[in-house]
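Coming up is one lone chain in structure tokens, specifically the form predicted alone.
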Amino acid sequence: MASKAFDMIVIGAGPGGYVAAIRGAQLGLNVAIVEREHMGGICLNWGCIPTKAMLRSSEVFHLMHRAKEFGLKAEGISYDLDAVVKRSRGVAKQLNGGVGHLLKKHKVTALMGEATVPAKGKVTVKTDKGTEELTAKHIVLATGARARELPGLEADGDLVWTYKHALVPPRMPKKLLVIGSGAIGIEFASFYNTLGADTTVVEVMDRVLPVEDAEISAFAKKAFVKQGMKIMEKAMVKQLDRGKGKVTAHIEVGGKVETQEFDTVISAVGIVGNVEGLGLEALGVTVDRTHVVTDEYCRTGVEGLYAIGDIAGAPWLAHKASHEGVMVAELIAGGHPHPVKPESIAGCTYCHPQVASVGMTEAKAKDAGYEIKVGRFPFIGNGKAIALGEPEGLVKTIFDAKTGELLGAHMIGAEVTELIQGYVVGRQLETTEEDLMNTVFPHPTLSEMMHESVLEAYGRAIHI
């Protein structure tokens, strides 16, 4: 069978792969993309997008209960879980179709099937119709990752769920255990808790949202507890005994094991890279703890083979994958792109209250030997936050005392996932505290708190 020749073949059509393919096509390359399940990958179909649609429903539900505060009347408030899920799936479907349309528009050859890389420059695709042989000088691995399953805590879709089950729930949990308090765990805990599930979160580290600044984690915990969640830190689920309609969890905390009963468990204990079945070992690709080892330009060390996104390691974020996709396409097309810097990538968590951050935490900056200046500004000091009825939150900025470089920014509160980008742009432009202080922020906006937080680091805040 004659093989089809391309300049570049991308394996995986998630936010890394489809973006790489489109950018490659824009640069004049003849590109093929192979996807085994859904255009848009986990992000569009089972991750970022549908979770935000569901969280928006719970946010509106929460606001409806607060109607009286705003001088409004809403009675007999309830929800229809099936309709909430249906809306979320509709949003995902719309975007999935959009990716197919974009690939077609840019004349990218899209194949649905299972890909392997039998040799350098070769890709074999098993499709419904049989096997296709493709060749290209450049192959980009963008196969993503899946939920990590711990022994004894495996999902069954009935009593124990992964994120996928939690997005199309067979029922509304009454008593819910969430294992893991990273972004995925906390977002689902937030969603189900708001809709009335009695929610317990177990975290093995010493605090919830462990990658965030310690002060933000503490603020978040307080907010979650106030909303009725139970938070167990430095705790570990040792085993789950599954019965009829119930699970008995053995939780080790403070050296003792206690048992608690739940009707639903969501496991969110990290991810593993989709590295199996591609033929990577035979090619000589280095895989470390299920992730492909690459240099700063996403090159694997095997000539013409690149790895981007979740399969290439942390941070496991869609926007990181997309930027790596663009960088690799530009590299393949003969350009000289800048490498993507992990420390300049913002992380956003859409729980209630929202959490967003970029750069170093206060502890990391100190550990790195910086002499620092730290500024904080609370939401309660901001007119727009009070007018919105969202007076709980904090903006925290960390500067290098010697140079005025913005080392990190950390926020919790309403709409901070949108606000963080101001600091991201600032870091990209190598801004100093002086530039930020001289920037005029519009009034009344939440963004003014970003200005005040900078001023506060230098003893110049006006409104506290």
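Quick caveat: nothing in here was measured; it's all calculated off a predicted structure. So that there is no doubt, residue numbering starts at 1 and follows the sequence shown.
Another form exists, predicted together with a small molecule; not displayed. Remarks below refer to it.
The small molecule is not shown here, and in the predicted bound form it never comes within 4.5 Å of any heavy atom of residue 306. The small molecule in the predicted bound form comes within 4.5 Å of no heavy atom belonging to residue 53. Within 4.5 Å of any heavy atom of the small molecule in the predicted bound form lies no heavy atom of residue 398. Interface residue remark: residue 17 is counted as part of the site for the small molecule in the predicted bound form, having a heavy atom within 4.5 Å. Comment: 113 to 121 is the region of 227 to 235, 297 to 305, 172 to 180, 113 to 121 lying near the small molecule in the predicted bound form, near meaning a non-hydrogen atom within 4.5 Å. When you look in the predicted bound form, the only residue of 34, 436, 416, 406 with a non-hydrogen atom within 4.5 Å of the small molecule is 34.
Think of it this way: in the predicted bound form, the small molecule has a heavy atom of just one of 317, 155, 285, 372 within 4.5 Å, and the residue is 317.
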